[in-house]
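First, one chain by itself in structure tokens, the form predicted on its own.
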Amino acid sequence: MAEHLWDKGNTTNEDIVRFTVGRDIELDLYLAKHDVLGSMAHITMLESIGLIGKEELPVLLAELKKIYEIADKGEFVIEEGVEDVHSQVELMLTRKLGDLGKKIHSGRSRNDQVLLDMKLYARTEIQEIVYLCKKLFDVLISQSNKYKNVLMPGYTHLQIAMPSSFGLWFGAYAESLVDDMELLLAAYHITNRNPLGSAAGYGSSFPLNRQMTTDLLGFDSMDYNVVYAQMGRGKMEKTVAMAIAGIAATIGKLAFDSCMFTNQNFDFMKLPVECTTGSSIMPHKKNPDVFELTRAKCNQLQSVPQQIMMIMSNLPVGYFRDLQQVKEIFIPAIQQLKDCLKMTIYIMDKVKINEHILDDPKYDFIFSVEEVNRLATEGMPFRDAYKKVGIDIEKGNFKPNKNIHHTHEGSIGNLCNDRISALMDKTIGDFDFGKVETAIKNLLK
């Protein structure tokens, strides 16, 4: 029979234990190093208020650093019969240090421990997502500049409409990522607040110094009201999930376009051959499976905020075990988004563009608006010019002029990629990851 932090001498049915633990053993591995960091900050604070001796603190910190290194290498294991990451860390300490290891739990609950772990985890993963999005952004801007003069048809209602360009197409997805980063920045600000010290959601009779742990862990501020800190479980994950859904929507649309544009009837681009798969009976096939799966995964990711909301929707104030299920949705979603970003970065960097799409006469009519505008510029009323060109098209007399000159901001001839890049740089700078990195580095000294 396993021992648990909450054991009071009674036996618990092991089937019940397995049901209530769920996937915690698997998913808590993602939280291990964050749990250790939280404990290091917490005991440093406990020493400052006299709950841990001055000679005890360095002993505990040294042992916790060893556990952190194990977790950072991916070698942390939650043993059979141990309920969660918090229990495993405490078990490892008590094996080495005896009763001293049991002191680290003073003034906190597993409720604020997991709140803290999830925020530290989310904060770290957001930084990784920002890095990947910036990498994809740079690829898209580079491709936009490279192919800025390569025209392609633009569509409305999936009917050929007006001239576009690969400069516009790549650049559109780059700018979409800028807005996605703005939403992620808002989610980061909500994430980067310290819940530690809220205990089970009602504070502690110990004279905790919550500002100290806030500073030690590099948070912008704390979740001040202890009841609200507990209410934040699930809310933070939902908010981050909404930002993730925005990124997923951008990538999913890019994946859809790419699948369509590689179709032989379009023939606008070719994916790297190593990113396609074949058919068991059709030897000519090169299927865009990577982007089809990316599209499906991104659609799944856009459902994550709703899944979290449904878990939380009928819960009153206070902690409930329902919230454990949020972890089982949130952590896999983070990993799935990162996988999709990595695949998209690789493919977009190596994609081959057809530079002669508009040589095909079926695209001639996309230049009709150019002719209407030319006639209007020469003095013909716009409606008369529109009617004249329409009649020429119907009679088969329309001759396209493919020399186009769009100069306004954001158009074919003026992509504004430098301004889009400046927006991205400013947004990423506002995350201020350096503050967090410095705090964690100091904590681990």
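Residue numbers run from 1 along the displayed sequence. Not measured: the values here are computed from a predicted model.
Unshown form predicted in complex with a small molecule; subsequent notes refer to it.
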Given that the partner is absent here, state which listed stretch (317-325, 255-263, 303-311, 355-363) has heavy atoms within 4.5 Å of the small molecule in the model of the complex.
317-325
Since exactly one of Lys238, Arg110, Lys103, Lys148 fits, which has a heavy atom within 4.5 Å of the small molecule in the model of the complex?
Arg110
Among Ala248, Met152, Ile334, Val114, which has any heavy atom within 4.5 Å of the small molecule in the model of the complex?
Val114
Are Asp35, Lys119 and Arg210 jointly within 4.5 Å of the small molecule in the model of the complex, each by at least one heavy atom?
no
